[in-house]
Every structure is written in C-alpha cells, then in structure tokens.
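One chain follows as structure tokens, the form predicted alone.
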Amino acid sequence: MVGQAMIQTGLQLPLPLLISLIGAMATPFIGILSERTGMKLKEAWFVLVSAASLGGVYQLYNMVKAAPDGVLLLYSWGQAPPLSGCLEIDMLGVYMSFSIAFLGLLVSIYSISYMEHETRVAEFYTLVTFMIAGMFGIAFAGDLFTLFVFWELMGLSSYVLVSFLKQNWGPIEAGFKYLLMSATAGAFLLLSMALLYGLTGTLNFGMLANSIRGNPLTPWTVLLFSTLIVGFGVKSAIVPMHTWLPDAHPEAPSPISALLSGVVIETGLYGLTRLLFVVFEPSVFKLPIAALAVLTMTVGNLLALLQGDLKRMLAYSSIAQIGYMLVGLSAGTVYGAQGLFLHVFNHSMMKGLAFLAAGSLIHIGNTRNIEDLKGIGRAMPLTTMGLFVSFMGLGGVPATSGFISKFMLFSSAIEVGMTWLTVIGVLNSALSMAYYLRVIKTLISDPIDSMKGLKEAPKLMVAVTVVMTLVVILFGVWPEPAVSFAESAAEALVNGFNAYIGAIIG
C-alpha cells in the first residue's frame, strides 16, 4: 500500500539524472567528432547538458509541488517498494539537485577557457558529468542500496578527477589517499547497510523509519550511529575524518576543487542528514553532532591560519564551513535544517566562487603560494573582487548571503538551548576573517617583479566569477527566494516526514 504520493512505474528516471547519464555516455563520442571537425563541439555539449540538467530540475520542482503530499515515487518494472529499489523525491531532493545543477552549469562554462590547453578534455567532461549524475542519484534515492550505487558513481568519478593532472606526482598521491579513505568509508557504509538489514529486513527509507525510529537505543543502534557517522563523515570532511581533503582539493583542477568543496562534501552531509532523520529522533544525535560541529569548525579554522598555499587554505576553510552546517543538524528543528540547507546553497556559491577566482589567479600567476602572488590583485581587479566578496560571505559579513544562513544556523542553536554552540560558532567566524583578510591584503599590495605586467583572466572565466559575485551579494540583500526554498526543503525533511515514509508504507 502506498500513501498520497505521485507514483510512476517502469524504467523511468528523473529528468536531471537521465540527462546527466545520457550526456556523460555520449560525451566521448562528441569528443571524437569534435577532434575530427576541429569545432568546439564537446565544450558546447558539456554546457548544453549542464543547462538541460538545470532545466530538468525546474520540471521536477513543478512535479513535486503538484504531488498530493509533495512526494514523487519512481520505481522500475517488477516489484514495488519496499521489495525493490526506488527513487523518492521530495522538496529536499529538488533543493539539493538545484544546488548541484546550478554550480555544475557555472563550472562547465568556466572550464571551457580553463581546460583549453589541457589534453583529454573529453574525458574530463565525461567524468564531471558522471560525478554530477551520481550526486543527483544520491539526492533522489529512496533506499540505502540505491543511494550506495550512486555514491560509488560519484566517488569513482571524483577520485579520477582529483588525479586528472597526472603529469605531476602531487595529484596522483592526493587521489590515491582520497581513494583509500573513501573506500574505507564505503566499507563502513556497507556495514551500516548490513546492520540495518539485519535489524529490519529492509533498506528502504520508509520501512526503516517505521521499524527503528522512536525505539529505545540499544548497543546495535549505537553501533549503527557510529558507522553512519564514519561512512558519511569521511566524504563530508568532518573532523577527524577530514585528512584527505586538504590534499585532494588543492591538487585537483580548480573547476573540480569548486565542485568538491561546493557540492560534493555537502552531498555527503545530505546523506548523513537524511539517514539520521530516517533512523533516529533528533534528541538522539543532538549532542554528538554538536560536539563534532565544534571540533570541525575549530580545527578547520586553526589549520587554515597556518597555510601558505591558497587552495590548501580554502580546503581547510571548507572543513570549517561543514562545522557551521552541523550546527543546524544538531538543532534538529525545521529552523536548524533551514539554516543548514540555506548554507549548503550559499556555500556552493561562495566557496565555488573562491576556488574559481583562486583558479584564475593561479592560472595567470602560475603559483599557489600566497606570498608569491603578492600584488597580482592589481592586475586582476575583477577576479580579486570576486575572491574578496566570497571571503566576506564565508566570514558571515552582512550584505552577503553567508550572513543570512549563518545567522539562521546560530539562532537555531539558541532556540534549542545550545547558546554555547552559538558563541563558539561566532568566535570561529571572527577567527576565519584573519586568514581571509591576510590573503586580500597580500593580493592588493605592491606587486613583486614576477606579478608585474600580467592581465586579467580569460573573459569566460571572469564572467563566471562576476555572475557568482552578484549571486552572493543578491541573496545577501534580497534573501527571500533562497530562504523560502530552503524552508520548503527543511519542512519536507522534518514536518513532511510522515508523507515521505507514507509514500512507501501507507
């Protein structure tokens, strides 16, 4: 029996996922055709697939909005869930897919100029599109097995992309470390699946919630909680499971760094958030997640202070930002979840902008060392302004989108009586401004000899950073659309929970 969900059967996939999978499989052939004709067909195809995926998200948004209980259920021919795998899409899944698709489109445009002098470009576009398809699948999964399949698709693509610039040893080492840690996390995720199946006889989210949620804790459920934290925590870069990230993000091409920090680690956090709400009451995970939030934001900011490598500093900053997002998860309320998911989108724009702007500076200056880039900001004012705005947003300065989501995150902690968590979060935000302002001061100082006579980055790269700069400012002074969308996502997670599980169990 099923609840009031919009149900579709047969071999159907949500449009964003379908477009991404077909687009990825067709990209190698488009690449061959592009080489033979001498035209930039593969670049145009990459942007077209990204734009079509974003359009597919809009179509999905309208379908979910029209569904009786705001849930869209899709499953293949044969057995209906919970006996078969399924895709179960609510407004939270749509929200995550929008964040993924929007940043993916901007990165696809930026990559045209960034990758024009590299080889194996068609392979690069193929892997990026598969990685995005994997993230879509995670956002839409209605059971843990389906989620794990797309989790591996996202992971396998990202391992190779981190090591894509294989002419140097650094990317290979970073990719291998990322692979080993993620494979270990995958083993813990499989252990979580085994525990859940042993306890309930199903991996379907609706049936899991109906069987476990609300029951007293046992040694088995405590073990399950631990395995879920490790399984999703590595990909989310939660301290102390973060050590792959400072190596992987700096060594990857800058468009990949933007995606890894902007949406990949947040997709891991989405998976953790979805499973924790499916299996446990918020009162169970409130304090452990709050402790991880403090540890993650503090360690991330302190280590970022010590970095001389621009992209490595941004990588540690991403770890700290995950700590802020965990504040909203620890609150366990609609308002906390709203702040969490609003910061997911805002962070995708702010950190995506930071990595793309930094990529432009490194592309022109030919170094990642902050001191060696001294004065380059005077030759690249638009790029540097974008980096400055992203830093202000990440620091939570008013009139940027980051201020709105951080305000909501810290307010949600006060709302549930964790004022101490808010105080630590505000102090960490203030601490982060120390390394953000140090970078900007260095970039706009009197240029050293190697930075004289340089010019602004290619037009497409600059155009993307300008657009993202405007988005960060726009949602800082007019946050209503983003706040409203995030509220719908949070409502679907917390208050729409019965409709989500009712789509399966009735």
Partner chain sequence: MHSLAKDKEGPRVMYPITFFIVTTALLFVFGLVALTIKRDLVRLLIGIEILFNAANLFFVALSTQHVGMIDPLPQSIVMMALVLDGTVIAVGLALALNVFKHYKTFDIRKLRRLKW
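Positions refer to the first chain, counted from 1. Given the structure is predicted, the values throughout are model-derived calculations rather than measurements.
Quick note: we don't show the form predicted in complex with its partner chain, though the next part is all about it.
Peer 1: Quick one: of Pro288, Gly375, Gly186, Pro282, which gets a non-hydrogen atom within 4.5 angstroms of its partner chain in the predicted bound form?
Peer 2: None of the others qualify; the residue that does is Gly186.
Peer 1: Since exactly one of Ala209, Leu292, Leu74, Leu303 fits, which has a heavy atom within 4.5 Å of its partner chain in the predicted bound form?
Peer 2: Answer to the contact question: Leu303.
Peer 1: Can you say which of 429-437, 382-390, 265-273, 245-253 gets within 4.5 Å of its partner chain in the predicted bound form, counting heavy atoms only?
Peer 2: Stretch with heavy atoms near the partner: 245-253.
Peer 1: For the three residues Phe145, Phe148 and Lys177, verify that every one has a non-hydrogen atom within 4.5 Å of its partner chain in the predicted bound form; reply yes or no.
Peer 2: Yes, all three are in contact.
Peer 1: Tell me, yes or no, whether His117 is in contact with its partner chain in the predicted bound form, where a contact means a heavy atom of each within 4.5 Å.
Peer 2: So His117 does not count as contacting its partner chain.
Peer 1: With the partner left out of view, is Val334 within 4.5 angstroms of its partner chain in the predicted bound form by any non-hydrogen atom?
Peer 2: Although its partner chain is absent here, Val334 would stay clear of it in the predicted bound form, with no heavy atoms inside 4.5 Å.
Peer 1: Using heavy atoms and a 4.5 Å limit, would one call Lys311 a contact residue for its partner chain in the predicted bound form?
Peer 2: Lys311: no contact with its partner chain in the predicted bound form.
Peer 1: Would Phe407 sit within 4.5 Å of its partner chain in the predicted bound form, counting heavy atoms only?
Peer 2: The answer is no: Phe407 has no heavy atom within 4.5 Å of its partner chain.
Peer 1: Using a 4.5 Å cut-off on heavy atoms, what residues in 204-224 are near its partner chain in the predicted bound form?
Peer 2: Residue within 4.5 Å: Trp220, and no other.
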